[in-house]
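Just the one chain here, laid out as structure tokens, in the form predicted on its own.
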Amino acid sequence: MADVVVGKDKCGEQRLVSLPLSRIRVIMKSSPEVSSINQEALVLTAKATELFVQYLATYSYRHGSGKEKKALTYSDLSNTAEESETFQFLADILPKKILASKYLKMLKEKRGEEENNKDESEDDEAES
């Protein structure tokens, strides 16, 4: 395995990964297709997840407003998910924040459109 060591555990020993392997095992076992998990696969999945999160954070920081503020914000992450083709699959997980009042207004408009479409289809059926 790799000689790269990152982080330390509670006892002060150095670890290969920073994420808790027990949590990753639980997530992996939640899939009905997985019956057993090899220790090497678990460590590699944890390391790949760490690298992915690190890349997402770095990309979002560099392409967002984080440079100016020296901070990474949720809006930087959601903008990255929306604008970057690489991270497009995260758009549903990292949606842009909107106010509750705007959301309720959008719901009302959507319901109004659905009712109009329903009325139009009923009128078309009545004419037939």
Partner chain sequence: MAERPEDLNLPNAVITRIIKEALLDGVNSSKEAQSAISRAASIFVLYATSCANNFAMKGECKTLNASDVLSTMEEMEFQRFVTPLKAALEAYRREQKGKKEASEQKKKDKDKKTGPEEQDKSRDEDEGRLEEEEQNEEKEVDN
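Residue numbers count along the first chain shown, from 1. Source: prediction; values computed, not measured.
Beyond the structure shown, there is the form predicted in complex with the partner chain, which is absent from this document and is the topic of what follows.
Although the partner is absent from the chain shown here, none of N79, L99 and K105 has a heavy atom within 4.5 Å of the partner chain in the predicted bound form. The closest non-hydrogen atom of S65 lies beyond 4.5 Å of the partner chain in the predicted bound form. In the predicted bound form, G112 stays away from the partner chain, with no heavy atom inside 4.5 Å. Mapping the unseen interface onto this chain, E83 falls outside it, with no heavy atom inside 4.5 Å of the partner chain in the predicted bound form.
Contact annotation for 86 to 107: residues with any non-hydrogen atom within 4.5 angstroms of the partner chain in the predicted bound form are T86, F87, F89, L90, I93, L94, K97, listed in sequence order.
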